[in-house]
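Below you will find one chain, with nothing else, as structure tokens; this is the form predicted alone, and questions on how it binds or moves follow later.
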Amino acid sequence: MEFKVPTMAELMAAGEEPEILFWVGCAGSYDERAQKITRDICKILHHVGLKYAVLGTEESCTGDPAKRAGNEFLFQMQAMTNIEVLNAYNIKKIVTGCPHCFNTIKNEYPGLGGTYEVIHHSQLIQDLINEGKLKAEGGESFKGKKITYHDPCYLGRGNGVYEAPRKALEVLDAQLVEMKRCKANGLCCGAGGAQMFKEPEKGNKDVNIERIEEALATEPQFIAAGCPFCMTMLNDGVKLKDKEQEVKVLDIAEITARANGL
């Protein structure tokens, strides 16, 4: 399926406004694994006929890693730059595939003059399922397959979004199994708080190994993720445990796209 992803600048030039802005984020732009998730989110948006756009080169980092690493000054500079761009385009609603971008734009930007309706892609998928626009048919069948879902910290415990990703999986007729620690009691994948960009401190065990052991204990065929950082950590864990043949780590958007044959 080939189609063009429009930028805000192009829509603006044509005198049009999108219903929703897709915020791609750094991982979704530059990380090879996360780029596949970005493509699948676009496929879903295109498939349901939602009028959307991306910022393209006008998008820069939300400033989340800078803030979490303690550089408030850099965060505010990055945030202000983005807010100016978003406000200039009169953006009202934003969807993103990254819980870090989601949390930052939703909760940190209003204090700096940027107030928008921000949703995570799993919430968008839930809405589309509820509206009957996404059916989970015409593609790969997940019927009876064992799937366990890992709650991203900034989506679950940070913002209380537990239902949407599970709703997106329930529609597949799959067997949804929960890990020992899930929902409000979830465990970090090991990449939070800017840990993604540095080696862990000395300890007894890496967090992602602890987490992947919990996931594998449910004997899943698929581990579902909703965050590009979690995706990296969970994938690394699966590789370390030599389970790449038996267990696949997929994002909610990828699973949805596959189920709908996109």
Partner chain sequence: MVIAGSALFAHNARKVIRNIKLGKAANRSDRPQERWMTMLKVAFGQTKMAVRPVPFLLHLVVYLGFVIINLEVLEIVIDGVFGTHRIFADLGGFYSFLIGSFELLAAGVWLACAIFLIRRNLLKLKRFSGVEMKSWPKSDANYILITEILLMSAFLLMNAADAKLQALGVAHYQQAGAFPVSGLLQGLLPDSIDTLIFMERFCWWFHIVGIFGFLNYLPYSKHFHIMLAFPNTYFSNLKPKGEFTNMDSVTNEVKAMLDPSFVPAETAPGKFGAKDIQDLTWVNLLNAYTCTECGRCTSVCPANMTGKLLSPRKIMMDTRDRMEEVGKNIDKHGADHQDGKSLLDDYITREEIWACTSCNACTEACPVNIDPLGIIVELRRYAVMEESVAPASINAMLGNVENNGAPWKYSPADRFNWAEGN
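Positions refer to the first chain, counted from 1. Everything numeric here is computed off the predicted structure, so don't read it as measured data.
As for the form predicted in complex with the partner chain, it is not shown, yet the points below apply to it.
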(request) Could you confirm whether residue 67 comes within 4.5 Å of the partner chain in the model of the complex, counting heavy atoms only? (result) yes
(message) Although the partner isn't part of this model, could you tell me whether residue 46 comes within 4.5 Å of the partner chain in the model of the complex, counting any heavy atom of the residue?
(response) no
(request) Answer with yes or no whether residue 213 is in contact with the partner chain in the model of the complex, where contact means some heavy atom within 4.5 Å. (result) no
(request) Using the partner position in the model of the complex, report whether residue 221 sits within 4.5 Å of the partner chain, counting heavy atoms only. (result) no
(request) Mind telling me which stretch in 137-145, 120-128, 164-172, 185-193 gets its heavy atoms within 4.5 Å of the partner chain in the model of the complex? (result) 185-193
(request) Any residue of 130-169 with a heavy atom within 4.5 Å of the partner chain in the model of the complex counts; write them all down in order. (result) 153, 154, 157, 158, 159
